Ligand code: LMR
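A single chain comes next, written as structure tokens; it is the form predicted alone.
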């Protein structure tokens, strides 16, 4: 049976992590894997998560299955966090969804429902986008197309080119958008641009498919989704995939959700039934622990306040490392102004150096980043900034020579 299966190359991110772990050098630096790290290089368990877990352990009475849609308190409280408790779509019963196995599960169930609703629909993704968007969504059988997004010359969003391309997207197609903290570039849409994009969606008739995995890591829990909330208050239909991995720090617990905005309550209930059928075919019942932790934090005023406070600390550390990196690279031999790093949002940035420089950083200096030059800014610490900056200065000076 298996004789004809080829050996596939490793995932680019996980493969890089394997190479990093196998590197015996003491001073190696990991800027590749997309998890938050504190100043000691650890990915900590958040205080509110520890407390919620302790309470759940004391009160838990069963390990029986959740329903197919998952924990109802989780879904309700997640929608409140994502959209705000007073969002019109919630009051009108126009949005329903299911708990999923992380953001990946949310993206896949979203794609499965889109395929059931309109098999010929094509999904347009930004250039670039998160590498796993392609297999997660395309694996459902939907065709993937691309629209321009990032301008390497300005290190920001090429909004004019983006809008020109999306003007041509036909009604019935789907446009994938990053809710905030664009992965991999860190270049985000402004609220004004979200409003223009919303008007275009209404005019052209395409369906937005929003992936939000980093709410709270840019400017604030509410600020980061202001554009998304505006769009979802205006369009008749939308798909929203959400992850709790980063903002709650519960990566391995695989907690997320996918939520469907429909034109009316009846359509929303029909979409929910199809989402549940798709989930039943893939994993049947979602895992309970991570979702229960999130629901407990969001439902308890004291825990929620502590979570928001620690999330602000995380956000502040990322912003501080952006400033530190930009300052440390000033005056480099290639004459590149890295001030753009401070304007980007979330954990990721594109450095925009050459593939040869990326290779040299890895092989000569033990600095690991993706070939695309995406770096995880949270991998920078006051302890490793000097060797990191020294390595970057060296390869940039070599390029200038």
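Quick caveat, the model's predicted, so the values are computed rather than measured. Residue numbers count along the first chain shown, from 1.
Another form exists, predicted together with (2S)-2-hydroxybutanedioic acid; not displayed. Remarks below refer to it.
- With respect to (2S)-2-hydroxybutanedioic acid in the predicted bound form, the three residues 89, 206 and 260 uniformly fall beyond 4.5 angstroms at the level of their nearest heavy atom.
- Although the partner is absent here, residue 70 sits far enough away that none of its heavy atoms falls within 4.5 Å of (2S)-2-hydroxybutanedioic acid in the predicted bound form.
- Contact annotation: residue 214 falls within 4.5 Å of (2S)-2-hydroxybutanedioic acid in the predicted bound form, judged by heavy atom distances.
- Within 4.5 Å of any heavy atom of (2S)-2-hydroxybutanedioic acid in the predicted bound form lies no heavy atom of residue 96.
- Proximity of residue 74 to (2S)-2-hydroxybutanedioic acid in the predicted bound form falls outside the 4.5 Å heavy atom cutoff.
- Of the listed positions (130, 149, 248, 124), a single one reaches within 4.5 angstroms of (2S)-2-hydroxybutanedioic acid by any non-hydrogen atom in the predicted bound form, namely 130.
- Here the chain stands alone, but in the predicted bound form its contact with (2S)-2-hydroxybutanedioic acid, taken as any heavy atom within 4.5 Å, falls in 26-34 among 26-34, 332-340, 354-362, 41-49.
- In sequence order, 348, 374 are the residues of 347-376 having a heavy atom within 4.5 Å of (2S)-2-hydroxybutanedioic acid in the predicted bound form; the partner itself is omitted from this view.
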